[in-house]
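Only one chain is given next, in C-alpha cells, and it is the form predicted alone.
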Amino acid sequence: MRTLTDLGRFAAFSTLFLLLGHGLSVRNLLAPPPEPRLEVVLAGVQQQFRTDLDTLLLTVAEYAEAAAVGAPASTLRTLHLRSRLHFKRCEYLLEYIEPETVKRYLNGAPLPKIEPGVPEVVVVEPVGLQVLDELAFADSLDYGALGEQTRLLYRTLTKVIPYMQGRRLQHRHVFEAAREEVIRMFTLGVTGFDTPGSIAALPEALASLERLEAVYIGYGAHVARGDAALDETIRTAFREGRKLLRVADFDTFDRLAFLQLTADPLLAALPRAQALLGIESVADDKRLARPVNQLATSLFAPDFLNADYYDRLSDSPYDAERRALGELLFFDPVLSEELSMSCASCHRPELAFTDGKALSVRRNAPTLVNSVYAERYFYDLREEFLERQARHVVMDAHEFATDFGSIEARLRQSDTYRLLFDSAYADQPQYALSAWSVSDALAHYVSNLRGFDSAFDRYARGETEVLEPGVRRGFNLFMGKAACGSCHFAPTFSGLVPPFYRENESEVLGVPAAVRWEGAAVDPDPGRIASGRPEDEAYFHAYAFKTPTVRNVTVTAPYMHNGVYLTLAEVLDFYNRGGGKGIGIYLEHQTLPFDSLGLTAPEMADIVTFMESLTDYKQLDHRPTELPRFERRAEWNGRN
C-alpha cells in the first residue's frame, strides 16, 4: 500500500518527466527563478524615485496646510521631520540631477547668497528645508514665516517634481548618485549640517542609507554572479550602517566606525560593481578633471580629491622640472625688491608653511599644505587661480614691492635660472622665463604641497590598527556634538564643501581684536566684503573669512585671521561660548548657529588630541641646498 509520501514522490516525478518531455532541463527546474534583467531593475528604480517624489509632495502639502491653520508645534514638527525623511529618500537622485536647484530652493544652507552672473549685488534669501528646520524647532514658533516657507516649498516642488519624474535615468546615474550620497551622508548628514534645528541627523541618514540599499538589491544579484565577495562587501556595509544608525543618539554616535564599516567600503565597492556590470562611468572620461576621484577607495585617501581640478595648470611633460624650479623661486629672496623676503619668509616648512607670527603683514599666514584644494584663495577669497596668488604678493607694497617685469629682468642675469626655465618650459619656449612662467612654476610647487598622510588618515583608511582612544573620541566630537565638522568639512577639514568640493565657505565668527572673554570688541578687519570683488560687497560678507584647514594645526599657532589666540584651548573656548556673541560681540550675520556647545574640559582636550593626529607636514619639510648664482651681480650671491 502506497503512503502519502510515496504518492507525493510519484506525483513529483510524473510532473518532472512530463516537463522534460516539453524540452525543459533538470537544471532549469531546480535553479532559482532568474533575476530581473538590468533594464527591469532600472525601471524599478525609476518608478520608486517617482513614488518617493509624489510622497514628498503630498507630505509637504499637508505640512503647509497645518502651518496655515496654526497647528500645534508638535504636529508641525512631526510633519517637518516626515517631510525631511521623504526628501532624504529621493535626495541622492535629486542632488545628482539638479544640485543647484536643491541647493537654492530645496535644502540649501540657511544663509543668504548672491545671485550669480548679474551686474549688481542681488541678495538671494535662503529658503527650503534647512530654513524650516530652524523655524520648526525654534523655542517660539513664527507661524507667519513657517506658513510662507512651507507654501513656497510646496510651490517649488510642484514645478520641480514633474521635471524630475520625466527624466530618464541611466544605470550610471544610479551608481554615481549613490556614491555621492554616501559622501554627503557622512560629511553633511551625520554631522548635523543640514538639520540645524532638529538635529535629526541619524534618522535621516538611516532613511538615505535604506533607500540606497533597496536600490542596490536589484543590481546585487547580477553583481554576485560576477563577484560574490564584492556583493557581500556591499551588503555588509549597508547592514553595518543600519545597525549603527538605529541604536545611537547624535552625541554618542560612533562616526569613525560608520566611516570604516559603511562609508569607505561603499565608496570603494560601488564603482567596482558598476564596472563589473559594464556600466559606463564618469571616471572613464579622462579629458576633464573633476574634484572627486571616482575611483578613490577612501574618503581619506591621498587621491580622494584631484589636485589637477583645482590648480588649473596646463598639462606638460615637464611638470617635475617646473615643480623643482618653483621650489627654488619659493625660497629665493631675489623676487623681492630689497632681496630681503621670499615666499618662505611667511611660509616656513618647519611650521607647516606658516611663520609663527600673529600677523605676517596684514593677516595671519595660513598653511600652504593642501592649500591647492580650494575654489578661491586668501582669507577674503579674492583670488580664484592658484597661479595668480603670486601677483598679490609681488605687487603688495608691504611684501615683495615689485613687479613681474623687474623680476624677469633680474632672473635673466643668472645663467642657471635661464637654463632651468628653458628646460622646464621646453614645450612652450615662447613663455620661457616670463611673468607667466614665474607664476606657473611657483603654482606647480605649491600645488604639490599635499598631505593626507597623518596618523589619523592612515588609521581611517585601514593602514594601521592602533589609534589612541582620545583621537577616536575627539574625532566623533569634532564631527558631531562640537559641530566643528559642519564648517571644517572632511577630509580637508576646511571650508571646501562636500560632496562636490567646488565651493569654499566663509564664516562670520565675531573674532575679537584681543583676548577678552567679556565685553570684547570685534577685530576691525572687514574681511570678504573688502576683497575687491564686486560680488562680495554684500552686507553679510562683513567680517567674513575663509574657513581654513585644521590639519597640522598643532604647529600653525597663533590662530584666526588676526592671530588673536595663542593656543588651541583658547580657540575651543571661543567656540564653546558661541563665538563672538558669547563674549559680547553681536554681529547680525554671525554664522555660528549655537549659543553654547556645552563641551566639557575633557571633551575639548579630546578634540585637541584628534587635531594633533592630523599632523603630516614633516614629509614636506624640504628646501634647496643652495640657490642659483648670478654671474653678473656677484653681490646677490650671498642671499639665503
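Note that residue numbering begins at 1 and tracks the sequence as displayed. Quick caveat: nothing in here was measured; it's all calculated off a predicted structure.
The following text describes the form predicted in complex with a small molecule, which does not appear among the structures shown.
For the three residues F400, H488 and L592, a heavy atom within 4.5 Å of the small molecule turns up in the model of the complex in every case.
Screening A268, L209, C343, V334 for any heavy atom within 4.5 Å of the small molecule in the model of the complex leaves a single hit, C343. The single contact residue among R172, R363, R348, R242, judged by any heavy atom lying within 4.5 Å of the small molecule in the model of the complex, is R363. At a distance threshold of 4.5 angstroms between non-hydrogen atoms, P548 is in contact with the small molecule in the model of the complex.
In the model of the complex, the small molecule sits beyond 4.5 Å of every heavy atom of L42. Taking non-hydrogen atoms only, F378 approaches the small molecule to within 4.5 angstroms in the model of the complex. Residue contact check for Y575: one or more of its heavy atoms lie within 4.5 Å of the small molecule in the model of the complex.
Only one segment in the set 260-268, 93-101, 503-511, 528-536 has residues whose heavy atoms sit within 4.5 Å of the small molecule in the model of the complex; it is 503-511.
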